[in-house]
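Heads up, the chain below is alone and in the form predicted alone; it's given as structure tokens.
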Amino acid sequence: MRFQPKASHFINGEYVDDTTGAPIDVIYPATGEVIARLHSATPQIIDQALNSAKSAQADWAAMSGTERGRVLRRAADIMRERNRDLSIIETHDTGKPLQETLVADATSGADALEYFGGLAASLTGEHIPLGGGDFVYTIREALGVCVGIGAWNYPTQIACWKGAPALACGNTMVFKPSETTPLSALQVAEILVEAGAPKGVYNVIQGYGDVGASLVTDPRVAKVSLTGSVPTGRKVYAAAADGMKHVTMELGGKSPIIVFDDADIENAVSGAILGNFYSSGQVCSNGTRVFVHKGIKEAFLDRLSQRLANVKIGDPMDEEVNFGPMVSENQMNIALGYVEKGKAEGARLVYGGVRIEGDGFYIQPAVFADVTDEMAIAREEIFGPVMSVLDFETEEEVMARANNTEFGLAAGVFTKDLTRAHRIVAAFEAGTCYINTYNLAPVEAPFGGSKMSGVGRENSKLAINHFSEMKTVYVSMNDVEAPY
């Protein structure tokens, strides 16, 4: 099984390689097999990519928004036409089941390209009338060269979530995928050129953290957009701030889901499953602290255990399989380590949490009950299929506990009392909230966090503000008065 791309990098509309860069082995999580080998970008490759993006930017920005949007919409159509092939690559890149990638990855990327392609022609300034005939007008301008740094859990989607608004606004991009999942972004770059994007508008280079650091600190770069962990975000944010660069940080979380005693149990269990076990638990917005009212806790756990009996773990290329391996051996070991911590701290393991013997990086979904707020499994982001179920009795109590975290990415509530639901989400200290559902992220809606979970927003019209800036022009229709 080989998924070797034509070269490691895509620069100025072409595949480019420099095999003197550090090797990057692409490992299929289902088998542990090396399916491709790429090379990290050398300083020469980094320079080539940034120069390519810099050279292409002015002409791309000079095109009309309608023309830029047309390219993005064509790219969306191509992605949808090739969804199955792109999904197969995504599955081998990440280990996620094909059942999932067929509906959640390239399709989501195509949605972003289509949405921002549609917005591109509408990006205008405004006319502001003033007294005496004077007026101000504003011009929305591109920032310049943008750097995107991706995470390994949604490589195709993230490449598009960052690229689509950047390109719609007239910027160019250099995108660095995670070294764990380097294959998918190359496909995005190739499709954009096929759709008519001029050479240099969207470039992909591979690499470890040192490559990302070089991109973030380069004076040619105007904007950095990162999806990653809080520790990585701190470093990238600080480095970007030194150059006064624009930033978007979409970081981690330890999000709460609150289930009141009047909730529809079936829906609440579904939300908890989506918020903990989709993508084998490797989603930044996961609601891994599930607060369940004491009166329904055992009923909730019983139904959850029954539903988990329907988990089909196995070959992710089998479309009947709905739970795949973790992305890497390291990530699997981190999750297994937290299972051991949970048991050692006195939580009750009610389901799973065991490594599955054989090839690949498989772990059963784990559910802990009787979890308390101070336990590591309730405080620290695991990024694996480990659910913590905590008891509560009153609304005031559970709100204080839900917000008692440094993170603020997402939060959810399940209740039939919609007045209470709106009251709860108003009190949540989180950027992305859900009522009677969880973990949906349509491109039309802003996505992002507060507190340590990040700055800025991805998707929606708000993303345009993060990839452009306004120039203000004051026009006088009168004589100029001066004091002397």
Ligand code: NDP
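The first residue of the sequence shown is number 1, and the count goes up from there. Bear in mind that the values here come from a model prediction, so they are computed numbers and not experimental data.
Unshown form predicted in complex with the ligand; subsequent notes refer to it.
Figure note: of the listed segments 266-274, 368-376, 143-151, 75-83, the one touching the ligand in the predicted bound form, with heavy atoms no more than 4.5 Å away, is 143-151.
Mapping the unseen interface onto this chain, V354 falls outside it, with no heavy atom inside 4.5 Å of the ligand in the predicted bound form. Within this chain, G243 is remote from the site of the ligand in the predicted bound form, having no heavy atom within 4.5 Å.
The shortest heavy atom separation between K199 and the ligand in the predicted bound form exceeds 4.5 Å.
In the predicted bound form, the ligand sits within 4.5 Å of a heavy atom belonging to E381.
Proximity to the ligand in the predicted bound form, defined as a heavy atom within 4.5 Å, singles out one entry of R289, K176, K96, K223, which is K176. The contact residue chosen from G342, G360, G408, G228 relative to the ligand in the predicted bound form is G228, the criterion being a non-hydrogen atom within 4.5 angstroms.
Shown here without the ligand, the chain has S229, T232, K235, V236, E250, L251, G252, G253 in 229-268 lying with a heavy atom within 4.5 Å of that partner in the predicted bound form.
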